[in-house]
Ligand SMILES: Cc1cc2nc3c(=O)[nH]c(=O)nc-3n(C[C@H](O)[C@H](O)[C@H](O)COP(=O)(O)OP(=O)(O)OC[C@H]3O[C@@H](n4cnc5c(N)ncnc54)[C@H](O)[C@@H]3O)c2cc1C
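Single chain ahead, written as structure tokens, the form predicted on its own.
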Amino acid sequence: MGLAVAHGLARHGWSVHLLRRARREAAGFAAAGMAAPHAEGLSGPLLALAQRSLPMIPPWVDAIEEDSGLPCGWLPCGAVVPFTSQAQRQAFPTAALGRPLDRAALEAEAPGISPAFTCGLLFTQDGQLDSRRRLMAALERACHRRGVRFEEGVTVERLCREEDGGGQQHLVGIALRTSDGERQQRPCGQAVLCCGAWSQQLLPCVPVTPVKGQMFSVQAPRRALRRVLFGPDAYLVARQDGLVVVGATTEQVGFTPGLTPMGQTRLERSLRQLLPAAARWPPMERWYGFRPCTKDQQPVLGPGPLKGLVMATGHHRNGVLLAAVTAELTRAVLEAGPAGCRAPHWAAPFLHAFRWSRFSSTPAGEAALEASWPEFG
């Protein structure tokens, strides 16, 4: 998310300084890269945000590839969701947006699928990005070429604030520790918080917690699986070269690192139950990462609790899908500024739905938002 926002701002003439503590901890390196809001059965404002983002992905990818000279692995492959009964299919939140599949059609779209699944839905509008192997590298190079200044190994320890006469708190600086352990305090009047699962360490009032996910990949025969296959207990994301990403566990274990036999066994069992033939495909790689999850499993976007701070975090399992729209929304907020200029009309419902203060149990949170961004109060 930080790379997407930085690149979008740099392309529009902003001077961007990106502080990063540990490159490989970024969720983008662990993500399967699905852009499949309909296969995931999203609903409400989150589905609306995803549907705004999905058609933005091709031009967003074009811009990254133009700036980086590297492919992002965008593949509008469509996604299949299998069901064990027609009643189950009819109850799926996005059923009306998919093409119904009977058993024969389901087998044609997902050869070898378990006979337990009798029907399905095909969402041709969904797709995928190869985030782990391609997108992240392309974004990094695109940012460098657009003049984004990277500072690696930096831990931001505190957001420095001052209060004006009206009681509004302003961001005035950041306290950080550099890669060699030196503590510094730097002036800063505008910042975007893209700290993912670690966001609450800087802003306790915004409840973003880590949800660990373990994954692995197998090597399938080329074209053995053409669609994303989104089963009830596992999903399969097939790359063009035959690599298939299998994910993912959902573990409430804080920042406990490492793979576990239990998690990997659970995934392997889910794979066999979904696509039995895949159990014979050679294993390639195993990894894990931490999703940033809020209480309602929806992102935190727009003006933050400090004037000058913009939020872009809490995307849970939809970071790759929502990166394009988050970058655009964040730029709109920054360009609108705090002086009364309005952001684009399309942004207003999203800034309301995904405001940080929705988690506040008192009116103070709402008041802080209104003071920092009155037109979206």
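In case it trips you up, residue 1 is the first one in the sequence shown, and so on. All of these numbers come straight from a predicted model, not from anything done at the bench.
From this point on, the text means the form predicted in complex with the ligand, which you will not see here.
Stretch 154 to 162 is the answer when you ask which of 71 to 79, 258 to 266, 95 to 103, 154 to 162 has residues with heavy atoms within 4.5 Å of the ligand in the model of the complex. Among the residues Ile64, Ala31, Leu329, Met311, the one placing a heavy atom within 4.5 Å of the ligand in the model of the complex is Ala31. Between the ligand and the residues Lys307, Arg227, Arg291, Arg132, the one pair within 4.5 Å by heavy atoms in the model of the complex involves Arg291. Remark: Gly2 counts among the residues lining the ligand in the model of the complex, judged by a heavy atom distance of 4.5 Å or less. Residue contact check for His315: one or more of its heavy atoms lie within 4.5 Å of the ligand in the model of the complex. Contact between Leu9 and the ligand in the model of the complex is not found at the 4.5 Å heavy atom cutoff. Although the partner is absent from this view, Leu202 contacts the ligand in the model of the complex, with a non-hydrogen atom inside 4.5 angstroms. Contact residues in stretch 178 to 192 (any heavy atom within 4.5 Å of the ligand, taken in the model of the complex) are absent; none meets the cut-off.
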